[in-house]
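For reference, the chain that follows is the form predicted on its own, supplied as structure tokens.
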Amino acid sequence: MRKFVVLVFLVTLIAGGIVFAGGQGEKAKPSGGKPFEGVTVSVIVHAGHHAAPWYDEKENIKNKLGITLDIIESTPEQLYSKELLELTQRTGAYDIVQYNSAWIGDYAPYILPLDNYVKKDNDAIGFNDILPAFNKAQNLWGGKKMSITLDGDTFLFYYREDLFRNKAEKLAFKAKYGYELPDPPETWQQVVDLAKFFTRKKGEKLAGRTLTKNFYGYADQAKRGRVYYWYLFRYVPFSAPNPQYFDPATMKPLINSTKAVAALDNMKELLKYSPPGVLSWEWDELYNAAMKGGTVGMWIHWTDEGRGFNTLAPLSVENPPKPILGIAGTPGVKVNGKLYKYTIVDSAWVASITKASKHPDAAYAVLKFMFAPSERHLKFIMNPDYGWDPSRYSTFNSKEWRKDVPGIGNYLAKELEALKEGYPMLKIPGAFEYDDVLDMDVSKYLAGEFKTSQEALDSVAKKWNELNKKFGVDKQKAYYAKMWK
């Protein structure tokens, strides 16, 4: 099948002559069946496991397209500044850039829209195959196709379903709180009740068995640097029914509204039922405590746990029951009796062609080779060592994946359901700075440096106003409007 797809691809290239007509660069050269013989395409990527697929396909790209791939690795902490320096100077150092989709407000002036390519090759790269939540939030900007999703990152709610199913715990919960133990919890208030209920000390009973370690009802990835994500998981639903970061008409920050304060209060309340030291937890600490340590009842994380559902450690009790990972969309808030839930979808990695690229057609050929629906792309997604999460219908519906990993269908179905409620991150010039300001003051409040949540969020709002003035209020207003197109 893979050879057949490649053969059709090459025949199309040769027959067309000018294969990737973006109207920007070189004509394809079908010499020896390699349309871009002698061309070098540079791609800057997230260092480590994200770079692995590019290295694995480097020789194939050379053999099929004639393109020499120059792979430049950078840590995720350095990508933004390193890329933006080259982009703003229009050096042409990079033909393809990998970046966080939330940075598009800064990158857009230097990125080549892909619409002409998509039109001329009848969407062979498969934008129509990308789930709407990802496509709209990550790839489209001001109505134009600006990027292709590499890694369909999103966030899901995880919980110990083996614990939630226990009959004795269900009876005890109802007796204490007056309603059925929710499986899964739908609201953030239910999460608070459950976290308090399930937090137990070593030696106490959990699921009818004796705890060998302290057990905690809930945990966030709360270290300074990315804790703002975990605040936004609350802020967006608490701001329902029409959540916004700013008033669209005036760009007045809404981050210190009454609803915003309630969201931060919820976050602080759940610290009472979280492991000690959680304010210093990054990805590894949360993953290890929840998935390997069996000491956390509920948490929100990327889709790694969902894909690795069958690696969940047993509860930290004597003679533990079979571990079962519960998966759901992130909790919501009820407003006038209606439940509002949202799934943050802008924590993902995308790839674009730079306007300064000397070889945009060849760069598009590389993107299509790597990311168009194919057995090759499915291999990337199925390989846990790559860390690329699914974003396409063709991978979510893959029979091969279900056959290869029995039980994976539950995770895929739950993520598809959650993505129906996708919500974007802030995407305006300086979004990185706005997020960092939010992250800093949320961290300070959780650490006790602000007396109240209102004081902390008033500080954020003040700094957001200053950033609006720095970038230009009218300019930011126009960019903010583009987020929703």
Partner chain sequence: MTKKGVILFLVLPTVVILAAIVIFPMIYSIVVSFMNYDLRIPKHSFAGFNNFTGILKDSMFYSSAIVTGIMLFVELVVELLLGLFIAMILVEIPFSRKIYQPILLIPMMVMPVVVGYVGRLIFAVRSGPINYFLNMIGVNSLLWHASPHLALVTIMILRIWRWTPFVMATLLAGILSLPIEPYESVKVDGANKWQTFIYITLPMLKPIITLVVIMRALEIMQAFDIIYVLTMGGPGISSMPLSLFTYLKGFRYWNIGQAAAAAWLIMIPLSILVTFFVKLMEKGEEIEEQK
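Numbering follows the first chain given and starts at 1. Only a predicted model underlies this, so the values are computations on that prediction, with no experimental measurement involved.
One more form of this protein exists, namely the form predicted together with its partner chain; it is left out here, but the text below deals with it.
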Original post:
Pick from 339-347, 366-374, 94-102, 214-222: which stretch has non-hydrogen atoms within 4.5 Å of its partner chain in the predicted bound form?
Top reply: 214-222
**OP:** Would you check whether its partner chain, in the predicted bound form, lies within 4.5 angstroms of a non-hydrogen atom from each of 189, 194 and 401?
**Re:** no
**OP:** Just give me the single entry in 383, 397, 258, 280 that has a non-hydrogen atom within 4.5 angstroms of its partner chain in the predicted bound form.
**Re:** 280
Subject >> Option touching its partner chain, based on a heavy atom within 4.5 Å in the predicted bound form, out of 80, 309, 155, 287 >> reply: 80
Original post:
Heavy atom to heavy atom, is residue 430 within 4.5 Å of its partner chain in the predicted bound form?
Top reply: yes
Original post:
Quick one: does residue 128 come within 4.5 Å of its partner chain in the predicted bound form, counting heavy atoms only?
Top reply: no
**OP:** Evaluate residue 440 for contact with its partner chain in the predicted bound form, applying a 4.5 angstroms cut-off between non-hydrogen atoms, and reply yes or no.
**Re:** yes
Original post:
Can any non-hydrogen atom of residue 106 be found within 4.5 angstroms of its partner chain in the predicted bound form?
Top reply: yes
Original post:
Does anything in 83-110 come within 4.5 Å of its partner chain in the predicted bound form by heavy atoms, and if so which residues, in order?
Top reply: 84, 85, 88, 89, 106
